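Before any questions on how it binds or moves, here is one chain, the form predicted alone, in structure tokens.
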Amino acid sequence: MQEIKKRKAFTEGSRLIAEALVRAGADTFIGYPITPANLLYLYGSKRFPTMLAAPDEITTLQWMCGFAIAGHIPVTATSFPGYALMVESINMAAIMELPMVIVLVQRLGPSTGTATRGAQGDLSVVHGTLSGGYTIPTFSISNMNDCWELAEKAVHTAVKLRTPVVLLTSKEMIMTLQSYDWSNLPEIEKVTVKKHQGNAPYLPYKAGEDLVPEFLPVSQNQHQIRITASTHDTKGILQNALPEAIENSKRLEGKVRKHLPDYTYFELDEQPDADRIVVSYGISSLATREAVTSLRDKGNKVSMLIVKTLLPISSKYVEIISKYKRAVIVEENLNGQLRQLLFGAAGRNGLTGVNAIARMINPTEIEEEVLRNE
């Protein structure tokens, strides 16, 4: 048997994310530097075929829309203060159905907060980004491998569904140097933007059974193209609240949910006869994995679910968690944002959480909560 040589590097997640995005087909990085996303800005300037330094975050998203309209796959990286300025333009990109990836590196809030403190406080922000309750597909990086694999999934999902996609991560995951063996990273499949073919009249927002309209860049000269940010019909013509336009707006949410099974990613480690499960995502998954291993070593039966596709919330997660008498959801925010998205304000019997702000969660805290008697 041929021995596979291990290849180790002292690196951080930013390098893996940037490299994976480019290999997956993203060709343009546009950004405005902000802590703690600065390394992605740096690597974006070195690795992407095209890089533009925008004067602010509003301009960043406007330029990204322009590149997407021309057939490119743009990327940016930011933190909450920058994301807040991008919200209106993200709404514009969503209704115009433009593929792009936004890497959101979480830090302690509210407001400008503390730029050098990590957090998991932006899930509710992303969930509420689009007016009307529409959903942005959102992935969450739980370890170094995810930096590579979910970056690829983000690009593929953005292109397949013609939608903005958020890749949610945190300061510690993308700035902390660590020894990492990258010898087993899978090859990345490059995606290209599929374009309308033929001489038939082109309807920019006419969709088939998959609910995703065909695309044509404005750079071609064969067909007329309308790219419209207000409520519009299949031709891209403003139609206020006429039935065809409203159905077209409803389709935006429909396409994201129709294809959800294709981009729902999670890590499930179930232990036979366990009546307790620990659920987490993002940076807190590291402590969760360690706590579950320790609990099992001490003879406790416990299962684990690491959520990697955060939005839309998959009913699969609720089905898994509902099988257990006790469920502990671990996340580095004050109010348990994933817990509320899964089970609402009322929660359910046996549901608790481990939460913290301004510090990472300790595995011991998780163990104590799992073993605590209600």
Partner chain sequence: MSNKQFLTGAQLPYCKGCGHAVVAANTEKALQKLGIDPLDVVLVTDIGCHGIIDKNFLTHTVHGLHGRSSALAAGIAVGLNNPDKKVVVFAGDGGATIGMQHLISGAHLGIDLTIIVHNNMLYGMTGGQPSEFTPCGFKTPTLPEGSIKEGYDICELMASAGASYVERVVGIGDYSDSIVNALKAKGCSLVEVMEICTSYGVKSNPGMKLTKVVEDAGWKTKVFVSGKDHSFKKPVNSDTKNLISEKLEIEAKFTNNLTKPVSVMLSGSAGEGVQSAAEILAKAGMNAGLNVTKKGSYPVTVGVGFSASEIILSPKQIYYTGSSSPDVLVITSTEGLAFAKATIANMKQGAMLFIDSSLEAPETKATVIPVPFREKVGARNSALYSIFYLIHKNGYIPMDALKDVYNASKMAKRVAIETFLEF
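Numbering follows the first chain given and starts at 1. What you are looking at is a predicted structure, and each value in this text was computed from that prediction instead of being measured.
As for the form predicted together with its partner chain, it is not shown, yet the points below apply to it.
Every residue in the set 9, 220 and 238 has a non-hydrogen atom no more than 4.5 Å from its partner chain in the predicted complex. Proximity to its partner chain in the predicted complex, taken as a non-hydrogen atom within 4.5 angstroms, holds for one residue of 289, 160, 255, 196, which is 289. Only one of the listed residues (302, 123, 96, 73) places a non-hydrogen atom within 4.5 angstroms of its partner chain in the predicted complex, and that residue is 96.
The partner is not drawn, yet in the predicted complex one stretch among 342-350, 321-329, 306-314, 39-47 has residues with heavy atoms inside 4.5 Å of its partner chain: 39-47. For residue 179, a non-hydrogen atom is located within 4.5 Å of its partner chain in the predicted complex, even though that partner is not displayed. In the predicted complex, its partner chain sits beyond 4.5 Å of every heavy atom of residue 244. Although the partner is absent here, residue 175 sits close enough that one of its heavy atoms falls within 4.5 Å of its partner chain in the predicted complex. At the 4.5 Å threshold, heavy atoms of residue 88 reach its partner chain in the predicted complex. Although its partner chain is not shown here, in the predicted complex the stretch 13-41 places heavy atoms of 15, 16, 18, 19, 23 within 4.5 Å of it, in sequence order.
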